[in-house]
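Quick heads-up: it's one chain on its own, the form predicted on its own, in structure tokens.
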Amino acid sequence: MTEPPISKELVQKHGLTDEEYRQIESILGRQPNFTELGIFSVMWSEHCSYKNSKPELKKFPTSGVGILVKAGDENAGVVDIGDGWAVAFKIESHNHPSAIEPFQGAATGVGGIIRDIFTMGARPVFLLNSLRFGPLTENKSTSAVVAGNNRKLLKGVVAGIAHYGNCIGIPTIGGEVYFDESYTGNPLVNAFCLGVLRHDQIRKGKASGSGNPVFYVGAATGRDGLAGAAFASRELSEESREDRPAVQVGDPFMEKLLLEACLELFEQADAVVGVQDMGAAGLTCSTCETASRGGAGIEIELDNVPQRESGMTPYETMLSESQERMLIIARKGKEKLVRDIFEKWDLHAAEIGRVTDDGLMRVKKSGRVVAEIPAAQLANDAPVYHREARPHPAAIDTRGTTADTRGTTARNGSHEFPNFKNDREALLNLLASPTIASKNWIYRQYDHQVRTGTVVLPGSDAAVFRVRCGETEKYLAASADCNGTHCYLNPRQGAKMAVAEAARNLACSGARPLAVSDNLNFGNPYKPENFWQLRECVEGLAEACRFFNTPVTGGNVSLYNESPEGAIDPTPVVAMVGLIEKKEWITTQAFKKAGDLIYRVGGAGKGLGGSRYLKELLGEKRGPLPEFDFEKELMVQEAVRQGIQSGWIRSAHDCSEGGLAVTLAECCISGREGIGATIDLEGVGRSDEMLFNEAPSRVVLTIAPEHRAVWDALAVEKALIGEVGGSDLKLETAGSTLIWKVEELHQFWWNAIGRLMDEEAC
């Protein structure tokens, strides 16, 4: 094999700057060879090193009661849930691969996050996802061709998620999906997984003990996924769209075998020293990171690495991101045990090297050293940058006004916004808009009931799952939330509201929040406006997580989410997990019984800034956002939890996208048997503002009539607005009466996405 000579052009092609290359030379004390250059390029990419975001990530709260493994220490954080049991969970992105190859990009995203969880010693029990796509229909800014491509991306991504999760037998039980022009050409595919384990089952990803054997287990290595971490660390362009070798190919049946073999091996307490998933940067990342964490070195022989393609070079073998592979550091003398367990599961268990005490990652090919790099410096000494930040022109300024993309301003007041004129048609149109419409076309493709632990099916405020912990059962609630429009208009407040909404969704399910994993999706950080959005969102998230006492246990940063049309809206997805102490506290959003009293907790709200009403019906994406107050939010959540735990509340639903009118409609139509309501909204002012504003800190809930007195005595802002019953949703506002048949509302809401995707099939 003849390697290309190192040149300035070759260094630039690997995404390294001149200064970074000089730093590499300083670390090595010489010029790197081609394989070493590739190794540094992937490890020092944004995807692996977080070199542009690390200073911001340090702002997150990561400690707290119940945190057993902190963010950044291992593949996933671990949180105590009582009685000696814990949960490991994390969310990660596979955005760029999904834009190029939606089926495999999404499928391997699911496979990768599952491996992060069982690497910790936890058995994965459920999945969530957070997805973003461009508009599904033609509009002023989206051509018919582009809309068709967006539908194809949605179809491919959902099929990929369904394929992997269904085949491996892990239920996908919830998530969120948004549609907006900013995601055209750059969809977001964020996958979340949660696993359960005992405290004594926690596994660490470190190599220690000189002479301990290093095993490669799982699938053979191929050329798929080459330099995928570097691919994910640059903008999507017409050139990168042809970079199909950077997209991995997954095999969920292989991963199922790998999962079971690893968990069986982990039961042998003294057999395993450390374990690491071969995810981004593959064999490179798994070797240098385990060595770095253990303060050791690792030496491997590439001739012993199982390969499914002939003639692979050291460069290709080290940078391949083939799926379903793990690195296991075994204890010396346990080699036969490792081989026997993996042979039982019909998997490779190849001894490829050993732990050393010299601190070097040494790679050999046929006995010849082809790469030799200090492991700790490779893993930990990537350059860290403090980028320039400049407010985005669409965001709120210090005077409290909002500049839209056309340079005009809008003051906080409903009279500044146009009116759709017809509130009855407005609600129907909003229910049929893909962001608000039922996502049943998507989640019906997922096996969300496999393993029989799903308690609350997809479609309510939060997913609820039952886990068996020894002789007891525990109930976990989880929600993924982020409104990209809010973060575009006011990144700091939008991020705060994302955390608050996730916590509010858990409160509506009866849960107490435990912790958060986040996925930070942003544009190119070298552009000051994009970096400002990142910084503002991180600081908003950090402040909110501290307030709600929900430490960040880890997550993912995905930058360079830009297509030739521009950057995505800033999208810091918040995945929050909570615990429901008693089965009888589990609560869902649908109205339950005629005669129940309907309350709005929290104020009426005002202003249409940032609302779906403004965006979907009037084509305007501008603010300012409604006011947000932490103390008010917490008071609402505590009141809802108290009402649920006291047995007063029959249903509870967070008021968010679409405002009060959409929330009430969803309460009517999201149950198995739709039931109507009569609503009387007092107050003056524009009816559209009253019905469709998206002020935070609001919940619609129902109280059994016999509990009215104790509920009314509770000190929280609330209003009795109606009663459950009948087959119509009847709204009386400002002297006018609006009536919809519940069945009519259901048809608009339930079939909207399916109709659009059926058109695509035709």
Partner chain sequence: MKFGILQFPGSNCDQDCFYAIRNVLKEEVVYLWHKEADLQEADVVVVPGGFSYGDYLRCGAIARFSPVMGEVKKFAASGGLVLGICNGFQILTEAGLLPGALLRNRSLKFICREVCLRVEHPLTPFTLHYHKGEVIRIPIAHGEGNYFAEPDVIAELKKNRQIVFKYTDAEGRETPEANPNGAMENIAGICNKAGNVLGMMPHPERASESILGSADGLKMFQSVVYWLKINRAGQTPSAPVRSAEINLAAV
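Residue numbers count along the first chain shown, from 1. Computed from a predicted model, the values in this text were never measured in an experiment.
Below: the form predicted together with its partner chain, not depicted.
Partner proximity in the model of the complex, defined as non-hydrogen atoms within 4.5 angstroms of its partner chain, places exactly one of 666-674, 535-543, 592-600, 349-357 at the interface: 666-674.
Distance criterion of 4.5 Å from any heavy atom to its partner chain in the model of the complex singles out K583 from the list R424, R339, R198, K583. A heavy atom within 4.5 Å of its partner chain in the model of the complex is found for exactly one of K344, R331, R512, K152: K344. Among heavy atoms of R308, none comes within 4.5 Å of its partner chain in the model of the complex.
Put simply, A394 is far from its partner chain in the model of the complex: not one heavy atom of it is within 4.5 Å. Although the partner is absent from this view, S143 stays clear of its partner chain in the model of the complex, with no non-hydrogen atom inside 4.5 angstroms. In the model of the complex, at least one heavy atom of N166 sits within 4.5 Å of a heavy atom of its partner chain. Along 433-458, a non-hydrogen atom within 4.5 Å of its partner chain in the model of the complex is carried by W441, R444, Q445, Y446, D447, H448, Q449, V450, R451, T452, G453, T454, V455, in order along the sequence.
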